[in-house]
Structure formats: structure tokens, C-alpha cells
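Presented as C-alpha cells, the chain that follows is alone, the form predicted on its own.
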Amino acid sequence: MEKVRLSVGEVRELAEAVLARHGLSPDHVKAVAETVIAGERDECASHGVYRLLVCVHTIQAGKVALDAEPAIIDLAPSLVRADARGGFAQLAFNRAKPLLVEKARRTGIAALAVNNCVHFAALWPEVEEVTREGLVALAFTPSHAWVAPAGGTRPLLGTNPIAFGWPRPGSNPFVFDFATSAVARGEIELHRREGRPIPEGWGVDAEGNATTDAEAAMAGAMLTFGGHKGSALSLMVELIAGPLIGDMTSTESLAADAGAKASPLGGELILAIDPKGFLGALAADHLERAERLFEAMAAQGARLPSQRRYEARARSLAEGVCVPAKLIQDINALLD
């Protein structure tokens, strides 16, 4: 497949130009572009520049507020709410993060509910930002009902990712982010675009039959990872990032979409924990114990989750990124 090499700076210019061309306000352009850049830079192709197509489709469908000004609400000593007012989630998170961090440091633990937001991206960029403040972080969000529960054949749950971050003194934080579906929906879409079959276990067709056809899986239902275990975790995400914070489930988000095939509308829950809240002056000693655990994993030849992304980041910053030429052609067409 023909590829185009771009510097990270050129990815930023492209992302900002496309988003501005389609009417996003300057603050939203910067916030959304940084998430797209992060995905491409860290070689997470399904969350990189491909997502510009997703963002523009959502804009053209009229399913996102282009200049929404988030409202940041101080609910309680350990609680923050950010009402995105129908805008993309990134700006609401950026505006609320300082208060979340402040509350976590003051009380030991804090939670941020981002409500009424349009979410198209991975969770690890937000989690990494919180973790770089020296905090442990978790994040959850539903999506559209694309995924069948274990034992079912019809979409009911979202891809419903879970992300976790752990601060590492003098090193990049330990961060993982995975969908509770067998794979992120963007991966199936990339297979569809490139005419490649998907692995068995990613989805079923509209009749509930196993399929390796990406288009058939997208018209049918995705599957959870790990059978009933992934299904239970997905349901947990529905509950704690939906009804618990007064926002939509994946089924409700898909109904609100009304066939537009835009990005999900709903909520996101982010938790931040300060190790010093539990440990006080002993926090550094116990964080060092965690480092020994990481070292023991590496000694066995095991790859620490997030290691690949950081290696890719260093490579991309030095050498640039390679993007399919057809994808760049489709994105450039958005500038016409």
C-alpha cells in the first residue's frame, strides 16, 4: 500500500486546517487536533488522522456544537462536572483538568464527569495528562450500541473503553487503554477501507453469524473480548459513565444519532487519585515498590503496556509518520 510520510508538525497543520475549514472554533480546533496528532504520532492508526474523516462527518451531520463553551461546575470537595454543551469532549476536559487535579491533591481522590459531549477518540490522552501530574487515573466512556453482549447477537453495548494510568518518577507513565469490545470500531473501519478481512471473533453479521467481512460486521454487531468477562466490564462502563453521571447509555446515544452515523454523544467519567492521600511522606517509597514490579515484568521479556506507544512516539518525532496515500487524498479533499 502506497504511503505518504509527514512530519508531526505537518500532521498538526493538516488537522488544524481541516477542522477550521469545517467551522470549529479556534479553541476546539486546537484541542481536537492535539488528540488526532497524539494518535498518529503514537502509531495508533485507528485514532490518528483517520479520525478527521469521522470529525468532519459528525460536523456535517449537525451532531456537534462547533463553538460550545464548556461549563465547569464545582459540585463538591471531590467532584467536578464539565458540561460540554454538545461540543467535542477535548475542550471540556482541558478546561476541567486543573480543578480535578487540585481536588485530588487536596482530598486524595476526585472525580470528573464530562457530560453532553461528543466523543470520537481514545481515552489514553486524557489519562496520560492526569498521570503526568503525579496522580493515578482511570477513565470510562460509553459509545454507540455497536456491540452484542456475551450470548447475544444484537448490538446493545458500546465499545466502552477503560483506561488506567500510573505515574512513574523519572519515566513515562504506565498507561493502558482498551475497548471492552474485541477491537476498537476504527480498526474494523480501516480493514473495510483497505479491503482486508477481519479476524474471527471481532464481529457477527446481521443474522448473528460469525464473519470475517468487515462491512458485514459493521452492519451486524461487534463482539466483546473475553466473552462474559468483557461483557460484564462493558456493562459496568455503561452504568458508571451513563446513569451514574446522568448521561446516555450506548443505546440511547445511538437513538439520538437517528441514523446520522456520527460520533457518540454522552458522558465520560475520569477518576484521579493522589498516592500521597493514602501514603503521605511514604508515597515515594511505595512508588518505588511499583517500579520493582515493572522491572520484574521486563526481566521476563514481557512488554509493558504503553511501551510500544512511547517507542513509536520517539520514532515519529524523529522521523515523521507514514499514512496511507489514499487516506491523505480523502482528507485533503475535505479542504476543497
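This is a predicted model, so every value here is computed, not measured. One rule holds for the numbers: they count along the sequence shown, beginning at 1.
Same protein, other form: the form predicted in complex with a small molecule, not shown, and the subject of what follows.
Engineer: How about G186 - does it come within 4.5 Å of the small molecule in the predicted complex, if we only consider non-hydrogen atoms?
Structural biologist: G186: contacts the small molecule in the predicted complex.
Engineer: Does the 4.5 Å heavy atom contact test between H28 and the small molecule in the predicted complex come out positive?
Structural biologist: H28: no, not in contact with the small molecule in the predicted complex.
Engineer: Is A145 close enough to the small molecule in the predicted complex to count, meaning some heavy atom within 4.5 Å?
Structural biologist: Flag for A145 set to no.
Engineer: Please check if A121 has a heavy atom lying within 4.5 Å of any heavy atom of the small molecule in the predicted complex.
Structural biologist: Yes - in the predicted complex, heavy atoms of A121 and the small molecule come within 4.5 Å of each other.
Engineer: Select from the listed residues T131, N116, S253, T159 the one whose heavy atoms reach within 4.5 Å of the small molecule in the predicted complex.
Structural biologist: Exactly one residue meets the criterion: T159.
Engineer: In the predicted complex, which of the listed residues (G242, G230, G165, P264) lies with a heavy atom within 4.5 Å of the small molecule?
Structural biologist: Only one option qualifies, and that one is P264.
Engineer: Counting only non-hydrogen atoms, choose the one of 46-54, 28-36, 288-296, 62-70 that falls within 4.5 Å of the small molecule in the predicted complex.
Structural biologist: It is the stretch 46-54.
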